[in-house]
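Shown next as structure tokens: one chain only, the form predicted alone.
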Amino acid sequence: MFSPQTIIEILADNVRKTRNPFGLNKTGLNSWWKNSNVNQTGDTLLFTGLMYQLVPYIKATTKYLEKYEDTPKADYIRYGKRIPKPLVNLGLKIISSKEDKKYFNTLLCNIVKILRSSDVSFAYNPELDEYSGVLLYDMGDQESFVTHAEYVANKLQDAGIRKLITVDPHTTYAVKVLYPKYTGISFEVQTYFELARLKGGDSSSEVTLHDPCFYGRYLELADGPKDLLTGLGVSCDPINTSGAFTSCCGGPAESISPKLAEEVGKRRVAELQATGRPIVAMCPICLANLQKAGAEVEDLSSVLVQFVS
């Protein structure tokens, strides 16, 4: 296990200086929208929180953390703050997978198609789409989280944004629950699947849904994807560890202990695979971690986009 304090300090330093936990240049990080012909003006904003975009870099970084966990070299991670951010940005771009970037960008494009097919009016302005800061809160650095949250919330408010359409559970929890509590600024927040209005076909497929912790335990939104899929003719095979009783994918622990994250992930995969049905996730962190733990997993958007007319 790496020192939690060291990891927190590195992440907080990155967020302070670059507004994301990996110290990445935002222009290079967030390019999925360029071929989507999205409208950039309006008071309803598609807000990705950059989570899908960050996953390829999370995967690449975790591979290196795995090599050094519980070895003498693990102590050198404390020097991470001293590396110039442009060098960090270049290094992460080199070691991250182009295939992963393309894949996760495609999932965001799927979500745009789903919203358009559902006649949802929205804008996407890459200048306003920021990382929510939620990992800082999860790791206990409330002061750094609040500072960043105030920056993001004020930026959105000053731009006249009233409603946010979110695409992942971590960002949804941050802007819907934490921002009003800690910044005093509220937005109307809905996930893209709550707004989806798709027409069912002749589907007779069956899937097993993995409910992420935030949707299942804290936001009570786990029934939304299930009801949506059921209405489209996709049967959702129930498991005991779902909804408010869902099991964690292990992903949140990977920056502190990749070994622990893998252990938790494998337990969750065993629960999901016991149904014998294809597994569907609705969180980019869950998606990547369950895949890493040995499961074949599709993102919810990949299933829903099949019903776009």
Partner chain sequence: MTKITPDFAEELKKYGDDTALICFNCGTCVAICPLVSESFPRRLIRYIQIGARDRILENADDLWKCLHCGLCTQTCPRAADPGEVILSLKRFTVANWRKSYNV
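Numbering follows the first chain given and starts at 1. Just so it is clear, the model here is predicted, and its values are computed rather than measured.
The following text describes the form predicted together with its partner chain, which does not appear among the structures shown.
Novice: Work out which of the listed stretches, 57-65, 247-255, 23-31, 280-288, brings a heavy atom within 4.5 angstroms of its partner chain in the model of the complex.
Specialist: Selected range: 247-255.
Novice: Does its partner chain, in the model of the complex, lie within 4.5 angstroms of each residue among Y124, K176 and S309, using heavy atoms as the measure?
Specialist: Not a single residue of the candidate spot has a heavy atom within 4.5 Å of its partner chain in the model of the complex.
Novice: Could you check which residue among L221, L92, V112, C213 gets a heavy atom within 4.5 Å of its partner chain in the model of the complex?
Specialist: By the 4.5 Å heavy-atom cutoff, the listed residue in contact is C213.
Novice: So which of D75, E150, E194, D138 gets a non-hydrogen atom within 4.5 Å of its partner chain in the model of the complex?
Specialist: Looking at D75, E150, E194, D138 one by one, just D138 meets the 4.5 Å heavy-atom criterion.
Novice: Should D119 be counted as a contact of its partner chain in the model of the complex, where contact means heavy atoms within 4.5 Å?
Specialist: D119: no contact with its partner chain in the model of the complex.
Novice: Heavy atom to heavy atom, is A270 within 4.5 Å of its partner chain in the model of the complex?
Specialist: Output for A270 is no: heavy atoms all beyond 4.5 Å of its partner chain.
Novice: So in the model of the complex, does Q5 come within 4.5 Å of its partner chain, heavy atom to heavy atom?
Specialist: Close contact exists here: in the model of the complex, Q5 approaches its partner chain to within 4.5 Å, heavy atoms only.
Novice: Could you confirm whether L260 comes within 4.5 Å of its partner chain in the model of the complex, counting heavy atoms only?
Specialist: Looking in the model of the complex, residue contacts with its partner chain include L260, since a heavy atom lies within 4.5 Å.
Novice: Listed by sequence position, which residues of 165-186 have a non-hydrogen atom within 4.5 angstroms of its partner chain in the model of the complex?
Specialist: Residue within 4.5 Å: Y182, and no other.
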